[in-house]
Ligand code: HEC
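Next comes just one chain, in structure tokens: the form predicted alone.
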Amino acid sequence: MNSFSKNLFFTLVLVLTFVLTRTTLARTLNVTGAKDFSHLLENLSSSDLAKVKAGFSLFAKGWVTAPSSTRVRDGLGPLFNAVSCMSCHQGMGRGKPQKSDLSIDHSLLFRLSVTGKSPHGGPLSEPTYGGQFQPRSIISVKSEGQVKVEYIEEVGQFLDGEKYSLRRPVYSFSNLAYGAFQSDVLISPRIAPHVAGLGLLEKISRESLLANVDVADVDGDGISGRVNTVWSPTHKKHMIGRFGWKANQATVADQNAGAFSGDLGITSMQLPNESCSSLQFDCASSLTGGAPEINKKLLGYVNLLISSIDAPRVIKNEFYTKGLKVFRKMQCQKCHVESFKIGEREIRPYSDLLLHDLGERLADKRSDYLASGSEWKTPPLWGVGKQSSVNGHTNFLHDGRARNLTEAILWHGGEASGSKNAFLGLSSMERKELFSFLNSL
């Protein structure tokens, strides 16, 4: 090979490497740290990738108080929990219940309701503080108050004698700026989950979801999952709920509009009203960032972003097959359904997206559409093994009370009592195999 041919060859290699690198980067969101929850679907067009990039900017960057020269991202508040989506979903991942100083982290929010139903059948908001407690506010508005959590340790042991400890959270609210809660207030803590694979869950057919419903427990296995039927502000009709800890959101668009409204105080076409009750006069009279504050086009970019994030990647280890056998031995797949078909693709979320009664120990006693106070949607297990590398913690369940997967399983009750009891009877090697499998997801 002559010098000209060599130079041409190396030039082509450099160009090809550059192109491949650009393509790889374009398929992964530019998040800080591990990127296990930020891989994009392979079939996105160049046009869609540009829109996803715009959506990521709206998701990741902080919103500001109106009026501002940053017109695209002004309108924060008046009351809010966080200044950006990313502040609760760091690395597109999962939130935690506490900060390093043990105060409540802003990725843990609190739903509020009182006795009764909303016009569409959902929870009836607490009359003074609304449907979500918001401890932060813009300068001209009083914040609603503060929350702190203390934990009570509860000890136990496996049948082989190994000990464990669970922590039960106790929440207290203080400095309530607008007066006391109504006496029949119901409060439910909710942690921010990771957002990978949500678009794939939305594509699971209605028929596939209904195939796992067994309200009357006809097969007698003690499992009686059912769908939640909720109001979609996007489609203006009742639909099957798929998202949220009680499956109280029907679509990605509904979920995002709800988060912008409740978490950031940003209005949209779906939810055009500021989150101010009639008793919060300073909130109601504050300046806004427009009507709506995030328009249909920009919210569409965020919706496309969330719908375009691929499922977390499975990295099988030496105990994967043995651990899967233990998982099935415990009958976990009865609720954590392993797979669904979406067109030609098989996805493995390990969830049926249905409501199940998990017993009094996990109950928040707050109904949400058809979900009772002790029912929760089966959370997808994909990504549980990546959480530590992305978010630096292993807190699980709807309020983050479980410090690891062991505690998460041991909090199960109700329909999951059989699986929990089977877990208590596993040998230490079987537990090791089970966690190796789960940590590969």
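Note that residue numbering begins at 1 and tracks the sequence as displayed. Predicted, not measured: the structure shown is a model, and the values here were computed from it.
As for the form predicted in complex with ligand HEC, it is not shown, yet the points below apply to it.
J.: So, F37, V314 and I347: all three within 4.5 Å of ligand HEC in the model of the complex by heavy atoms, or not?
T.: Per the other structure, none of F37, V314 and I347 touch ligand HEC.
J.: Which residue, I306, L76, L112, A250, is the contact with ligand HEC in the model of the complex, using a 4.5 Å heavy atom cutoff?
T.: Only one option qualifies, and that one is I306.
J.: Exactly one of L29, A66, L405, A54 has a non-hydrogen atom within 4.5 Å of ligand HEC in the model of the complex; which residue is it?
T.: After the contact test, the surviving option is L405.
J.: Have a look at 113-121, 153-161, 257-265, 172-180 and name the one stretch with heavy atoms inside 4.5 Å of ligand HEC in the model of the complex.
T.: Only one stretch passes the 4.5 Å heavy-atom test: 257-265.
J.: Any of the heavy atoms of F243 lying within 4.5 Å of ligand HEC in the model of the complex?
T.: Although ligand HEC is absent here, F243 would touch it in the model of the complex, with heavy atoms inside 4.5 Å.
J.: Does any heavy atom of G385 come within 4.5 Å of a heavy atom of ligand HEC in the model of the complex?
T.: Taking the distances in the model of the complex, the answer for G385 is no, it never comes within 4.5 Å of ligand HEC.
J.: Taking ligand HEC as it sits in the model of the complex, is N81 near enough to touch it, meaning that at least one heavy atom pair lies within 4.5 angstroms?
T.: Taking the distances in the model of the complex, the answer for N81 is yes, it comes within 4.5 Å of ligand HEC.
J.: Is there a heavy atom of V141 lying 4.5 Å or less from a heavy atom of ligand HEC in the model of the complex?
T.: Heavy-atom contact with ligand HEC at 4.5 Å: absent for V141.
J.: What residues of 398-421, in sequence order, lie within 4.5 Å of ligand HEC in the model of the complex by heavy atom?
T.: Contacting residues: H398, L405, A408, I409, H412, E415, A416, S419.
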